[in-house]
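Okay, so here's just one chain, in structure tokens, the form predicted on its own.
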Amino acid sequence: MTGWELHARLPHTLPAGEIRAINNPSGAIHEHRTYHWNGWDFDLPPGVFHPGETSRLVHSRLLDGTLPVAGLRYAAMGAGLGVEAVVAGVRGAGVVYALDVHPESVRTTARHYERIVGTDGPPLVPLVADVWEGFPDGEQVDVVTFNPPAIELPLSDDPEIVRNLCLGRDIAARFFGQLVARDLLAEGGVVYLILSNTAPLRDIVAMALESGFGAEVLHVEDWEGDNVQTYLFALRRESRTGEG
């Protein structure tokens, strides 16, 4: 199946009323919280994203090796509290880049990585970066995970909630545009992108295809009690023959 044949089978974005009913943002993001997963305890200062079930679809697959990172240069795009970075460290990535536009999230990731992975693990490179801006020139990565805050409805006027949930297709456009323009994904590299039909899923996958990526669906989660479908994609650059 070609990428565009896959695209034609993807669900359309849910109606606005359903999206609002499913996503009811809480002011708890301004509070100090905790998170426990896989026997690890995480501390969340105000403003740091609290993972949900969609995030855990990625976390568990990094941990069990379904999304391989061992020996590879790995980037956690939107590092949040640092679960992906910690898992990649435990799984033996070659180097772990943790990128987030939110400085406290980057500091929180570094703190959790130091405590859980420790100095015997692979090096962590924590980066305060707006998507790929701030990523070192001349470096490349082999694996990227990205759970973009791509809902386009204005669910809140709170800038912290908007940053964590409601940046729409713009953040995806910048992600793919910068990734390709700066040639940051190594030959044979892969982007693991997770998206639900609460976001403009079809439009974002179209951006990936138009940016020269092939798309494969690795998993589809149908959530009980609503019409949300969550897709985990593997995106790989198509043949670069003739580029230059």
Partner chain sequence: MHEHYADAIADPDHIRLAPDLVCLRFEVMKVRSALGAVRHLLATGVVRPGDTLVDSSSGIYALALALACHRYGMRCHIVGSTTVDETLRIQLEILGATLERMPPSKDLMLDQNRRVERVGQLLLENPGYHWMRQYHDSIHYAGYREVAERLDRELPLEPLTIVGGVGTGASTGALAEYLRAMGRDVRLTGIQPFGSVTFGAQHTADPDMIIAGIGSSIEFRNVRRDLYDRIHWVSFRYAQAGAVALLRDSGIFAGLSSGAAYLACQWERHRAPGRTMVFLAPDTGHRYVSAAFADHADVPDPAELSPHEVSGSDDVLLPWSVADWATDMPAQRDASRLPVGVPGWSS
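Positions refer to the first chain, counted from 1. The shown structure was predicted, so the numbers you read here are calculated from the model rather than taken from an experiment.
FYI, the form predicted together with its partner chain isn't displayed, but the following is about it.
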Of the options 113, 146, 132, 97, which one has a non-hydrogen atom that comes within 4.5 Å of its partner chain in the model of the complex?
-> 132
Contact residue in the model of the complex, from 92, 123, 136, 118 (heavy atom within 4.5 Å of its partner chain) = 136
Would you confirm whether the three residues 107, 128 and 170 all fall within 4.5 Å of its partner chain in the model of the complex, going by non-hydrogen atoms?
-> yes
Interface membership of residue 71, its partner chain in the model of the complex, 4.5 Å heavy atom rule | no
Heavy atoms within 4.5 Å of its partner chain in the model of the complex: does residue 33 have any?
-> no
Going by a heavy atom distance of 4.5 Å, is residue 50 a contact of its partner chain in the model of the complex?
-> no
Would you check, heavy atoms only and a 4.5 Å threshold, whether residue 202 touches its partner chain in the model of the complex?
-> no
